[in-house]
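Let's start with one chain on its own, the form predicted on its own, as structure tokens.
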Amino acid sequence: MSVPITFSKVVKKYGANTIIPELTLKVSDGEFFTLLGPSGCGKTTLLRMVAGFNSIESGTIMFGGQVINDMPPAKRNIGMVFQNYAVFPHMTVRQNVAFGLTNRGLSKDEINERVDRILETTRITEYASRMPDRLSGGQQQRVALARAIVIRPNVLLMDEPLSNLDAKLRLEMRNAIRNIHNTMGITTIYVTHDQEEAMAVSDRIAVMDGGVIQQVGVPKAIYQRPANMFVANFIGRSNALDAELLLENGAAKLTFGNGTAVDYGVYLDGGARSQKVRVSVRPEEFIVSKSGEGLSGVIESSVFLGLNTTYFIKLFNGDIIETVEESSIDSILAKGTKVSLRLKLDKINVFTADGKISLTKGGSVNA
């Protein structure tokens, strides 16, 4: 039976170095929750604290209403899936999957019934008698997943499980993982540095940096309304533009260095004031045209990608920004073409000059 997980002021230190400072977080019962961030941000350290492999210097971690800080890993009823598969090379697929059940002393009939069901769920029934060296990487990872969930854990922990697979297998396996979670409903904490992977599989995502959670939310909110420039830059691609926010007589305008000014009041958070700002604009949030009002620029280069074409454009101030446009039947804008860029104001995000605080409605909300 799955359980909620509660982190309350959790601290992790290695000697004098604080890796995670007072982290507080709630993962709901049955939720697929992802810890996302760059290497060294503390996400795997936190996962290992849940597993019992790392000590907890302060604070508490609870499964349901039970504090697990000092509980031995074997008593936590967790399933784990690692980056390197960790299947037993001397056992068949069936023996690998049955291993945890055999150790728990279940009857042979119950072991066979549960193994058969999980092999079917993970779609590896046809490989039941094979040895691991006759399986592809994706098949071995399915075996590792089956072995982790056949014991019916309260919590499933997954640490970069797809990073050793090629691009096609990663796509196949992330879909499989999501489908299996929908079937099993086990509370899952998933660690990855791949933002596309995180958005594809997660109910909610916590973006981490330096041991601190920068934002928690559903994938759509994290992408569309990042809490700060770190999140905006880490989740997807983003262009950063310098501007000035001016509030006068109840109106709010964003003014850019070439004199372009746009009304932004309807999208502005209520506590904003006149100040210098950083504007985050994703490549698809520009409208590129050969004439008209907007930021002025010149096409530097382009990349045709079939459905879309990516343009790299030098702005009036010398900055290079990236835009994405639906590919045209007629032609691609040539290098040296002068263009104007308008902003999709409902989609851009405005931050304080240091990039730490969102000034856009909904941009500072964790959920």
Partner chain sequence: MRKDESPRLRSIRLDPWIIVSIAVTAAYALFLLYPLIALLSKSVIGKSGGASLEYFTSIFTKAYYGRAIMNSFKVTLAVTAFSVLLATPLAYLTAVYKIRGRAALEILILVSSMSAPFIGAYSWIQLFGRSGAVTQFVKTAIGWRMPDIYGFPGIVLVMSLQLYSLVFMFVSGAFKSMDNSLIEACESLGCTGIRKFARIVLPLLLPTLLAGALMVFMRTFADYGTPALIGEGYTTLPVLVYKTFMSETGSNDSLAAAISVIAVFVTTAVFLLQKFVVNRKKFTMNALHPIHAKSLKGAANVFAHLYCYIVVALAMLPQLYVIFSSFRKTSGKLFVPGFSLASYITAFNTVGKTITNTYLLGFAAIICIVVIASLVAYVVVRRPNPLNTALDVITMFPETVAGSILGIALLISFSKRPLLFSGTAFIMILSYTIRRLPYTVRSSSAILSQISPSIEEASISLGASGAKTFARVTLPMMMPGVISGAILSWIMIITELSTSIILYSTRTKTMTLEIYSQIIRGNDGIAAAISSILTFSTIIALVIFFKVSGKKEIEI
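All values derive from a computational prediction rather than experimental measurement. Numbering follows the first chain given and starts at 1.
What comes next is about the form predicted together with its partner chain, which does not appear here.
Enquirer: Given that its partner chain is left out here, which of Lys168, Arg104, Lys220, Arg273 has a heavy atom within 4.5 Å of it in the model of the complex?
Expert: Of the listed residues, the single hit is Arg104.
Enquirer: Between Val277, Leu268, Ile151, Ile235, only one gets a heavy atom within 4.5 angstroms of its partner chain in the model of the complex; which residue is that?
Expert: Only one option qualifies, and that one is Ile151.
Enquirer: In the model of the complex, which of the stretches 117-125, 87-95, 224-232, 172-180 has residues with heavy atoms within 4.5 Å of its partner chain?
Expert: Among the listed stretches, the partner-contacting one is 87-95.
Enquirer: Is Phe99 close to its partner chain in the model of the complex, meaning a heavy atom pair under 4.5 Å apart or at it?
Expert: Residue-level check for Phe99: yes, a contact with its partner chain.
Enquirer: Within 4.5 Å, heavy atoms only: does Asp133 come near its partner chain in the model of the complex?
Expert: Yes, contact at 4.5 Å.
Enquirer: When the contact criterion is heavy atoms within 4.5 Å, does Gly257 count as touching its partner chain in the model of the complex?
Expert: No, no contact at 4.5 Å.
Enquirer: May I ask you to state whether Met199 is within 4.5 Å of its partner chain in the model of the complex, using heavy atom distances?
Expert: Flag for Met199 set to no.
Enquirer: For the heavy atom contacts within 4.5 Å of its partner chain in the model of the complex, list the residues of 43-62 involved, in sequence order.
Expert: Result: Arg48, Phe53.
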